[in-house]
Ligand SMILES: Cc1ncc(COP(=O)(O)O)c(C=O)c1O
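Only one chain is given next, in structure tokens, and it is the form predicted alone.
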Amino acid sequence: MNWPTRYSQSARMAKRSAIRELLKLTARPDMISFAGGLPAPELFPVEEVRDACVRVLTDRPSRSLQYGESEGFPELREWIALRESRGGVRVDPGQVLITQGAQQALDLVGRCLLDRGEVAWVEDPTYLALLTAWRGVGAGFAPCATGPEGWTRVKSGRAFGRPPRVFYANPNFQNPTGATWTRETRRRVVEQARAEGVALVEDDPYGDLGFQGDTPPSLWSMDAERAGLGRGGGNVVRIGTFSKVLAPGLRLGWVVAPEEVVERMVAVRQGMDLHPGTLAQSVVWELVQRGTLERQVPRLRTAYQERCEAMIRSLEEADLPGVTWNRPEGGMFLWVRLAEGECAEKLLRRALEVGVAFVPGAEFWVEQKASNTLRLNYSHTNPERIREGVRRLSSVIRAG
């Protein structure tokens, strides 16, 4: 069989993730990795997860190991609905769909809202795995300029032959830049999306990780308030995940959307995986009922702020000519610009030789492809190793 001639168009277009491939190179014990968007493994609530597993397999083994509902556990959906009900806007459990991580949620959104040849507005740079997911359905991308406070202006999508159908936003501690949208930016985007009839997809995996503990208003709630809705159900589809606050290995995320959108996503997901994992849902439900999340989030905020500050101080002390970076208010990432004319991909090859890894920024750009940008992750590495990693990286940058 000549298999390449048998592949579908979407399979031929698919590329392996550069970041996922890079993670294979960082498995060496001596490698200091700033590459992946990984939580700190030493902060996983291991004992509480272990106890939760024992309890669910002791108290309700049949339900935890059996097939489940396509929408997800009703109790967990009710908990998420209550948690997402903010600012006078109520979320109903029927507006919640449990997914196999936020990445499946993005895939489902693309399958439900975008046809081949349709255009999505995205920030530039934007989340790399979003581009991978929606390219798989044949979507094109119209880049939106961004600044330190997020979205600033939109370029026309009509160059693709039709106006955009969807606007993808990562407004809290964005991956990769770490930028957080101001309230004014949020209001402006919500109003423009509503005026132009564009579905606004709010991806919020990092919203709980603000260093000061405050969570900005969601686009979902602002849109509902703008439309005078007591419950959500306007132009916004909101995505969340337990990966960044409990553990990514549990592979649980969620979508909050108008009920008609959730219904359509259920129909699509039944051809994919039938339903999210029942054991993982049982364990997460047990954890949130016992207050694990309320204890875990403050620990993460404190630790990640310490690590972010260690990385920034190390870069300041290195005093690298022409090198600049952002100052995130939360999340997991620092966005760095090298001096004009420098290439992060070439720098990476030299950095790997001295045992430090990062992700070149060109992977995240839709249009500009700024080769002198790079993303550094600080959440996965302790402060001592961060300082050593920045020292190694600085030595390579100086060497040119």
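Residue numbers here begin at 1 and follow the sequence given. Since we're looking at a predicted model, the values are computed, not measured.
One more form of this protein should be noted, the form predicted together with the named molecule, which is absent from this view; the next part is about it.
Report the residue, out of 95, 175, 221, 281, that has at least one non-hydrogen atom within 4.5 angstroms of the named molecule in the predicted bound form. Residue within 4.5 Å of the partner: 175.
Considering the named molecule in the predicted bound form, which of 292, 185, 132, 103 comes within 4.5 Å of it through any heavy atom? In short, 103.
Please determine, with the chain shown alone, which of 321-329, 203-211, 261-269, 308-316 has non-hydrogen atoms within 4.5 Å of the named molecule in the predicted bound form. Stretch with heavy atoms near the partner: 203-211.
Using a 4.5 Å heavy atom cut-off, state whether residue 111 contacts the named molecule in the predicted bound form. Contact with the named molecule, no.
Indicate whether residue 301 is a 4.5 Å heavy atom neighbour of the named molecule in the predicted bound form. Result no; residue 301 lies far from the named molecule in the predicted bound form.
With the partner left out of view, is residue 167 within 4.5 angstroms of the named molecule in the predicted bound form by any non-hydrogen atom? Outside the cut-off, so no.
Find out whether any non-hydrogen atom of residue 77 is located within 4.5 angstroms of the named molecule in the predicted bound form, and reply yes or no. Result no; residue 77 lies far from the named molecule in the predicted bound form.
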